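We begin with a single chain expressed as structure tokens, specifically the form predicted on its own.
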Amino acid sequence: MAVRAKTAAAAAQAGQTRRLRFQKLVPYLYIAPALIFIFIFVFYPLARTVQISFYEWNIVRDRQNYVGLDNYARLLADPNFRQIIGQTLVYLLIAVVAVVALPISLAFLTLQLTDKEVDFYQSAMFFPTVIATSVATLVWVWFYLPTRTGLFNTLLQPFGVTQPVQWLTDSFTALPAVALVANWKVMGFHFLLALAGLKAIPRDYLEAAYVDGAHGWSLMRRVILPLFAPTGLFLLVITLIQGLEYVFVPIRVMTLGGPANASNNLMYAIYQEGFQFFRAGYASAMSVVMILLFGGFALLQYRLLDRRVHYDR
């Protein structure tokens, strides 16, 4: 009897142990499909990109020669690459102003309107977002026509500008012209996010601030902006991460990176190297540099800005 009791107790303990192990495994089973998807479409391509960056590989000839760090050395010595890095930073700076600062400012102003007016402005601001990027870009090509019939040149004529401006073929105006199209396309979505973040601020906090004598800029700086900080940080991060993605189609349709690389940026240059010139190794090295730059930049943002963000409302 004693032996049977010990055997039954051991079996029960073993069964309980198995159940505990299974319970610990259940959460991982739930996230396994997502992890498999991330591994196949994120981590494996990333590892493969790093591997290819050590080779000289022409996709058409399909011959790979191991060159070590030569592709990275060529990048650092290439003046065109340094120009592209500088223009990439300019694109991101324009994006921060156009799709972070401007939508937040417009959202603040919109809150002063009536509910019907707010609904109208929400629809009007979001309308460009639902238009196909290629279609919208083609419309803007007409705006930028380098003739007197182009919309912008027509608007400049009453101000004494009789000579048509070459918006897309002038190295000084090509970059901001393309950036304007890209940021106009996504500004409405960022506007809605900013407006939702402002509306989520509890009214009790604002009313308590009014009672304590906070008005105008004091209310904005000490109450509204700290409570809006999580939304503002999110807008800043997604803008800096996706800013080059926004501008890819406008560059492709309007300038092809020209004139003389004046409207190019890092993402479009990678596309050119890999799919136009078929230099997969060099394009992969550029991709690795872009990942390191943007990954480090995103980490720096969180380190510097997340300390000032208050998530508890």
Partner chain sequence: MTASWRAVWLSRTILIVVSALVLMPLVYLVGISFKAPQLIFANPILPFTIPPSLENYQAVLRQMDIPRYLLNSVAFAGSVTLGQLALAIPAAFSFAYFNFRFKNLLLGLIIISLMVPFVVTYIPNYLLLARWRLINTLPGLILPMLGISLGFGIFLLRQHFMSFPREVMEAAMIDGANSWDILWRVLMPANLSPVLAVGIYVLINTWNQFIWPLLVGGGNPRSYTLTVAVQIFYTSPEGGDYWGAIMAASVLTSLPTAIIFLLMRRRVLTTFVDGAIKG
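Numbering follows the first chain given and starts at 1. Because the structure is a prediction, the values reported are computed rather than measured. Whichever C-alpha set is largest while still superposing within 1.5 Å between the two forms counts as the rigid core.
The same protein also has a form predicted together with its partner chain, omitted here; what follows describes it.
Although the partner is absent here, W57 sits close enough that one of its heavy atoms falls within 4.5 Å of its partner chain in the model of the complex. Within this chain, W140 lines the site of its partner chain in the model of the complex, having a heavy atom no more than 4.5 Å away. Contact check for V67: every heavy atom lies farther than 4.5 Å from its partner chain in the model of the complex. Using a 4.5 Å cutoff between non-hydrogen atoms, P128 counts as a contact of its partner chain in the model of the complex. This chain lacks the partner; the member of L193, V96, L219, L89 within 4.5 angstroms of its partner chain in the model of the complex by a non-hydrogen atom is L193. Heavy atoms within 4.5 Å of its partner chain in the model of the complex are found in one stretch of 67 to 75, 107 to 115, 81 to 89, 220 to 228, which is 107 to 115.
Scanning 42 to 75 for heavy atoms within 4.5 Å of its partner chain in the model of the complex gives V42, F43, Y44, P45, L46, R48, T49, I52, W57, I59 in sequence order. Residue displacement note: L25 has its CA displaced by at least 2 Å between this form and the one not shown (rigid core superposed).
Once the rigid core is overlaid between this form and the one not shown, I38 counts among the residues whose Cα shifts by 2 Å or more. After superposing the rigid core, the Cα of S105 is displaced by less than 2 Å between this form and the one not shown.
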